[in-house]
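Here you get one chain, nothing else, as structure tokens; it is the form predicted alone.
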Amino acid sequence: MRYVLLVQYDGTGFSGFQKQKKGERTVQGELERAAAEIFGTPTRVSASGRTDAGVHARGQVADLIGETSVPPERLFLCFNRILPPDLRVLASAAAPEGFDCTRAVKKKTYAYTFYHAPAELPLLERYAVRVPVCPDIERMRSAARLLTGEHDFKAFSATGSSAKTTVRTVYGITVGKRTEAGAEIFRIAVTGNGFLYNMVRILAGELVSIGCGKGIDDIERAFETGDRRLVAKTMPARGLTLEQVDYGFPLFGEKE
């Protein structure tokens, strides 16, 4: 039987989702270790997509094949008895017939969190990045509108991408702000049909830079030329969280 899992993890201690040849600690490796114990046989775990080292996930989706007498909706409890505390399966279910958690994705939402404060705040630093200048949120929102839609995002991709095409559709970008403990905390949420390597972290960097005074016209030139030099540097991984994976239908019912 094929099962689907709703997975959450703190990416700080992981070298990304995908297993590495050198034996680094990965999310896939931990899930497969637990699955082998549950099913009694080596089991491959696939995900909706890879996350890089240090990137977190609130709602990653994974699937795997195995045989057990445990009801599908209670399988997550078996995983959580084995998994380390920085990785949890929040829900489990039987996968629809022919389901592939990677190819069936319709939309994904990532969020990037950063803050402005006079000094680094230890209670934020694990999941957010401090910026030295407080950006203008209205400039960021104006730039976000230009980044929405179908575009060639080649300039917003890091080298090493294996994507066959660099055209992607961004359905929406929201920029929010709250004040907490003397810090201005910003959250950029990006929903799209797929993302290039480091694309969301580069988009976040561009929005921060524009909020701090960078020219907004560089966005159109970047789309036209694909020149990576026109846009900002990649933001650090720890501010990024995979929030949600949308398949166009609920996989886990109310728990989703």
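All figures in this text were calculated on a predicted structure; none of them were measured in a lab. Residue positions are given as counts along the sequence shown, with the first one as 1.
Beyond the structure shown, there is the form predicted in complex with another copy of the chain, which is absent from this document and is the topic of what follows.
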Close approach of Y9 to another copy of the chain in the predicted bound form, 4.5 Å, heavy atom:
yes
Is there a heavy atom of Y127 lying 4.5 Å or less from a heavy atom of another copy of the chain in the predicted bound form?
yes
Contact label in the predicted bound form: R50 to another copy of the chain, heavy atom within 4.5 Å:
no
Answer yes if any heavy atom of R58 is within 4.5 Å of a heavy atom of another copy of the chain in the predicted bound form; otherwise answer no.
yes
Listed range touching another copy of the chain, judged in the predicted bound form by heavy atoms within 4.5 Å, from 95 to 103, 173 to 181, 133 to 141, 150 to 158
173 to 181
Quick one: from I82, V167, L146, L121, grab the residue that has a heavy atom within 4.5 Å of another copy of the chain in the predicted bound form.
L121
What residues, if any, in 75 to 95 have a non-hydrogen atom within 4.5 angstroms of another copy of the chain in the predicted bound form?
F76, N80, P85, D86, L87, R88, V89, L90
